[in-house]
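Take a look at this one chain, the form predicted on its own, written out in structure tokens.
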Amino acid sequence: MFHWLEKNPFLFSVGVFIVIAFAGLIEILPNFAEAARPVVGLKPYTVLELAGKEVYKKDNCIACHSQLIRPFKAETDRYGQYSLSGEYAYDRPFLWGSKRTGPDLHRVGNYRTTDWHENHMWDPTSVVPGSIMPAYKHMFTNKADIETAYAEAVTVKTVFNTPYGDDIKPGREAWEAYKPKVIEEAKKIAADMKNQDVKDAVNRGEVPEIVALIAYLNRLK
């Protein structure tokens, strides 16, 4: 019945291509859609973590650190489980990066502590001898922009249907009501830090950038 097709190499090649392409789509697309969904147990970033992510971007940490562990033994031995697409479901933008002057940070929350990050950001060589990373002492005095982070949470909840609770909603009054939750989360971070000025700032209701950044880095697991 299809002898005519077998006698025409061009049409035969096109037909084979169409069949294979269609079969590939049927096989790949469902798995791709499933992989793109949030992994089980994944929650959106807290407002404090969002503020820390903004500090991470502002100080250009992505210039030296990636957040994407590839499925190669050399990488999984060093950094842990390779990255899954569903882990980035609430990342806007993605911070995969393309350069590793420093190590990948996608699982840094599994093996670094608040205390370690505090020492590292104040004086990198104190915990990593020979490190070429600069100190980020300004983070200990600069204040994180928590209100803008809250506005971002409201935006992604509204526009992208991100599953935040009913207490994340637009308006100045809603923000003022929510702010104590951010301060409580910040106090838990500061409790594990040594810097007394940071502790005092949080107790006054302020959030230094270092606290927000550490909250974000601790989230990366």
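Just so we're clear, the structure is a prediction, and the values are computed from it rather than from any experiment. Numbers for residues come from their place in the sequence shown, where the first is 1.
One more form of this protein exists, namely the form predicted in complex with a small molecule; it is left out here, but the text below deals with it.
The small molecule is not shown here, but in the predicted complex it comes within 4.5 Å of a heavy atom of residue 102. A residue is said to contact a partner when one of its heavy atoms sits within 4.5 Å of a partner heavy atom; residue 213 meets this definition for the small molecule in the predicted complex.
Residue 54 falls outside the set of residues with a heavy atom inside 4.5 Å of the small molecule in the predicted complex. Contact between residue 72 and the small molecule in the predicted complex is not found at the 4.5 Å heavy atom cutoff.
In summary, the region of this chain contacting the small molecule in the predicted complex, judged by heavy atoms within 4.5 Å and restricted to 163 to 171, 177 to 185, 60 to 68, 149 to 157, corresponds to 60 to 68. Think of it this way: in the predicted complex, the small molecule has a heavy atom of just one of 85, 81, 131, 142 within 4.5 Å, and the residue is 131.
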